[in-house]
Structures are given as structure tokens and as C-alpha cells.
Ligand code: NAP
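Below you'll find only one chain, the form predicted on its own, shown as C-alpha cells.
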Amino acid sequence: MIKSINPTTGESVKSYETYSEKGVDKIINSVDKTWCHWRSTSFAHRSQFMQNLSGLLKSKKEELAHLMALEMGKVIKEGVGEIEKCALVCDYYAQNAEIFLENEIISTEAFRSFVSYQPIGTVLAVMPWNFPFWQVFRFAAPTLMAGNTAVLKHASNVPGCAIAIEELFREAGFPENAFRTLLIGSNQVENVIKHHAIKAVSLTGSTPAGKSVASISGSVLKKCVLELGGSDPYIILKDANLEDAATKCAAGRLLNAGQSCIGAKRFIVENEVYPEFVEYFLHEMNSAYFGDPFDAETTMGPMARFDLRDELHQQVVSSIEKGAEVILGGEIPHRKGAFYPPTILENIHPGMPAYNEELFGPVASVIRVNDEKEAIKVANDTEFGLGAAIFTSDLKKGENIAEMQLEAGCCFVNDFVKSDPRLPFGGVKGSGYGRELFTQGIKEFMNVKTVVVK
């Protein structure tokens, strides 16, 4: 049984029966059978359905945002924005998939030689709850436009979103079994990965989950793309526009109640401007209004689950016990719901959860450093490598640091880290491997086939 719990009230929304092993096998085989036909359809044919899907998302954005608020606490405004971004990625691949996957002619001594990109089959997506629509659509849009089919194992606390996504594909005109949702528990994922019809896996989730999926996939020689955790460093140099930096740093930390792999998490500030930056940052963080996600004035809703809120608070408590100091928040509020306030910790050192671990919630770790060199060293002193940002008025220097010195897959200068269909997205080190979005994303699950004609 899978239960959907409203994190704002703690009340049960709905319960769902998990699918049996026999039912799962039947669905996967049906999706695989559909792939045998879907792979041979034209890009123009697939594009029409994908554009239909984009239109449906736009017309139902308020309804779908309401569902996210109900199941995982996302504020309505952010939910609407998420659905609009899903429509954007559908349009993007509807327009560009054929261009991205064109044959590449290679000059050799042969009469003709080229690289062809061919779909590999049915791909399993194991997706998280924090962006319950976007995470799925950024995978599904390129995957289906490329001629593959897909099955989804969504997070167990957003089953309503998972079912809604399957219904959207069907309503858009896609074949009934081109995209299917599997209502299963985590204990059933291994068997799905090992199913003969599953050709590859895409996972967005925690680093431990990624290691598990990679191990299982490797045991049966199936490719996987992993987008895992992050502890994104934001470097604030002494020549930065501090007020602008503080505004963007707070926005990057509080988006989705801080529950984002690419959320701003560690703020590394040069000593010379540390007091001034913290003053601006404290004002921005303290200006957030957290409350009912259905309230139009709310800027930050509850965390998605009570256990996640309690785990975050324990990381804060443990950091304080090791010497961290609280300058904002840090206490579970006396109210109904899985709420946690915007929190700032300083005097952060190695060995604390606030330094070494990912804080998946609205908690910011502010770290004082002596100079630029130390800032870069601290930024890279992490097992993660998803995103990073640097704030400076010297754009040439900022670009050099972003490109050459920061160990992350996505580096931004004077802005917070975000994903964009027009740019590849993914990480290094403990943040995973492989890329989503842009040309790299659509080619991940293709047979890169060499063809030589003598």
C-alpha cells in the first residue's frame, strides 16, 4: 500500500494498492511491445504528440500545481512555474530532437561512413518527489522523442502525481503503453532493472540510492544516468555586489523549501565583506513567509515529509553541538505540518553535518574564508559536484574560476544554479554521472551506431 500524506496537515490524502510482480511484468512487456512500433515512427509523428502534451500541461497548470501542493507541499506559484517548465521542455524536444539526432557523416577511405543514433528500447526512470513533474518530463520528453519508451517508478509520497503524468501522456495521444507508471515500492526496483525488456535506467535521487542502482545496473550490464545529491558552494568575493548576491543566494537556498539537489547550500564569503554580506543575507532569508502552500502570500511551504524535516533538524542540532552558531531559525515551529524555518548557521568547520553533508531543506551554512584561493579550496572540499556559483564584479575572473577551478557539472557566475533544456545538466564526483537535457541528454539512451559502406 502506498499512502499520500498532506505535509501541511499530516492528514492522509489517498491510499493506493501497489502493483503485483505479475502486474509489473505485464506492463513492462506491453511497453516493450509498443517500442517495437514506436521506434519506427517519424520525428514529425512524435512531435505532434509532444506538442499536444505541452498544450495539456499549459491548460492544466493550476490543477497540477494544486496536486503538488497537496502531496509534497510546494507553494502554488512555484508549482505553476514547474509545470510551465515541463511544457517548455516538451516544446524544446518536439522542435529539436530530429536535428540533434541527425546522422553525422564522417570522412574515411570508405565510400560512405557515418554515425547513426538509434533508440535502444524501454528505459526505467526512478524519480524523486521534490520536483515531481519536472524531474520526470526532463527525462521523458527527450526519451520518447528519440523513439524509446519509458516506465516510471516515482517517489512513494507522490503517487497522485505519478498517475497524473501517465494520464497526460495518454490524453496527448501517445500510444497507451508508450509511457507507464509503476506503483511499486523501493524493494521492487531491483527486479524491474533486471527485467529483460528494460534496457537502461535514469535515476535522480540520493547518493546512496545512486550507488545501489548503479550496482544493480552494472550487474546486468545496463547503462544508467545518475543525477544525485549536491552541496552546492556559492563563493562571494570581496568585489561582488553584495546586496544582489544575497538576494540570489537566498532565492537559491529557499526555492522549493530548500529541497533541491542544486539548491544553494554552502555560502563561502571572503573575510573582508563577511559582516556586510551576512547582514544582507539575514534580511533576505528572514523575509521569507513560510506557511500554507495554498495561500497566495506564502513564499515557502512545508517540507515534503515529517521524517525529512526531523532528519534535517538533527543535522542542525549535531552541527550546533560541534560548534556551529545559529543566527536565524534552527527550531521546529510549534504548529501543525512538516514546517522548518529559514535557518542560517555560521562558524562552520569540517566534521560538522553543515559542512560535510547535504542539508536538504531551508538551512544555509555560511563559511568565512581569508581569500579567493581559500574560497575555491573550501568550495571543492566536498564529496559532491553538482552545481556551484561565484559572485564577483570581475566577469573574466568569475568565468575562469567557474570553468577551470570549480569541481561541478554546472557553474554559474552572478546567479543561482538552475537547469535549462538548452544546456546539459548533471554532476561529477558523488553527484553522479551522465547528462540530461540539450543534445547530450537525448543521446544518453541511444545506440551510437557506426555504419561503414565500402
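Note that residue numbering begins at 1 and tracks the sequence as displayed. Keep in mind the model is a prediction, meaning the values are calculated, not measured.
Although not depicted, the form predicted together with the named molecule is the subject of the following passage.
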In the predicted bound form, does F425 come within 4.5 Å of the named molecule, counting heavy atoms only? yes
Can you check whether K74 is within 4.5 Å of the named molecule in the predicted bound form, heavy atom basis? no
At 4.5 Å between heavy atoms, is T204 in contact with the named molecule in the predicted bound form? yes
Contact between E358 and the named molecule in the predicted bound form at 4.5 Å, heavy atoms? yes
Tell me which of 182-190, 238-246, 97-105, 374-382 has residues with heavy atoms within 4.5 angstroms of the named molecule in the predicted bound form? 182-190
Single option in Q315, S113, T299, S212 placed near the named molecule in the predicted bound form, where near means a heavy atom within 4.5 Å: S212
Quick check on this chain: which one of G147, P159, P128, P342 has a heavy atom within 4.5 Å of the named molecule in the predicted bound form? P128
Contact check, 150-166 vs the named molecule in the predicted bound form, heavy atom within 4.5 Å, ordered by sequence, gives K153, H154, A155, S156
